[in-house]
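Only one chain is shown below, in structure tokens, and it's the form predicted on its own.
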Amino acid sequence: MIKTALSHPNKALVIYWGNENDMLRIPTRSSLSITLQGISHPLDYIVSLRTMPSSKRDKVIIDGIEDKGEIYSHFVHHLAAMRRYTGFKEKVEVTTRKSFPVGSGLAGSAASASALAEAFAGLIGKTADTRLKSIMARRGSGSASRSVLGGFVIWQKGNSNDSSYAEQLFNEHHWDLRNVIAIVSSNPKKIKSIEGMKLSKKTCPEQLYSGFVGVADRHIKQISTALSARDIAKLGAFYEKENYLFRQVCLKTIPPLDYWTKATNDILDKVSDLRNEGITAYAGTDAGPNVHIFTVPKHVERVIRTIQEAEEILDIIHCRVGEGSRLIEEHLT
């Protein structure tokens, strides 16, 4: 049997950064995100799972090359967690293909783990069970729990494996919000997100980190209201506030997690200047130097022209609100 799934990354408006339970990836705070689908450039992660009844081990093929190292171990660990949860026994061959860099702050791990969970759900005949898929995706990457769904998504932190999963707030047709991603680096981060989260929870001043955790539910409520009203100014203000808090947590971590570069700061300044000129555009980052700018369709061209002027720009990706993970018929070989 073979099942193939396609999934996309997501961009958090209320950020996931730290776990109460690292093994189960149960977060310290709830979060809210937008699933992203590329317009100018695909943001696709595709996974094919082929059962191997006679095999005693899983096999992992990344972009045409068999992997037996760190990536293999990550996939096998995720598969093992999903097998324990569902009772599925067979070994599988995992074949993947991606259209964007993973590990550089574009939520590639979210797209990868949600695609794997979607394909796995296809193998066990549970494609319609969104809650199950979100729980399974979370075991591979916390933010992957959100990429299972399209549109605007809330991940309730919960307090157990079965209660920590994402649900859709509004679908991808609710609002034609645009995300312009300024790529200033495609290199993997020196400190991966999962390690950075552990460091922040352990070493960030308790008052700062607990304040960051404590404000999440209020920010989710406020951003949900902005999304409901399609209010870009209110949404943008809280998005940038969240980004500022996240930045402070990272900088107060030991050692400091300074994911930004000079180019990051230059682009953030340009977006601020645009807003002073009456252009509704709001900028932030994930755990990486690349900048996510939210705006409305009529301002996209102006935003792109402006950030093209920044030094060290490698690429600009224009995104819309995207669909969740889904099975497709074109299998990878």
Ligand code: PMV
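Numbers for residues come from their place in the sequence shown, where the first is 1. Note that this is a predicted model, so its numbers are computed, not measured.
Keep in mind that the form predicted in complex with the ligand is missing from the display, and what follows is about it.
Next on the checklist: Please identify the residue among S164, N179, S109, T95 with any heavy atom within 4.5 Å of the ligand in the predicted bound form.
Outcome noted: Contact residue from the list: S109.
Checklist entry - Though the ligand is not shown, can you say which of S193, S200, N243, S134 has a heavy atom within 4.5 Å of it in the predicted bound form? => result Exactly one listed residue reaches within 4.5 Å, namely S193.
Next on the checklist: If we define contact as a non-hydrogen atom of the residue within 4.5 angstroms of the partner, is I15 a contact of the ligand in the predicted bound form?
Outcome noted: Taking the distances in the predicted bound form, the answer for I15 is yes, it comes within 4.5 Å of the ligand.
Checklist entry - Is A287 one of the residues lying within 4.5 Å of the ligand in the predicted bound form, judged by heavy atom distances? => result A287: yes, in contact with the ligand in the predicted bound form.
Checklist entry - Is the gap between T253 and the ligand in the predicted bound form 4.5 Å or less for some heavy atom pair? => result Because no heavy atom of T253 falls inside 4.5 Å of the ligand in the predicted bound form, the answer is no.
Next on the checklist: Using a 4.5 Å heavy atom cut-off, which of 164-172, 228-236, 212-220, 134-142 contacts the ligand in the predicted bound form?
Outcome noted: Checking each option against the 4.5 Å cut-off leaves 134-142.
Checklist entry - Can you name the residues of 213-238 that have a non-hydrogen atom within 4.5 angstroms of the ligand in the predicted bound form? => result Residues within 4.5 Å: none in this stretch.
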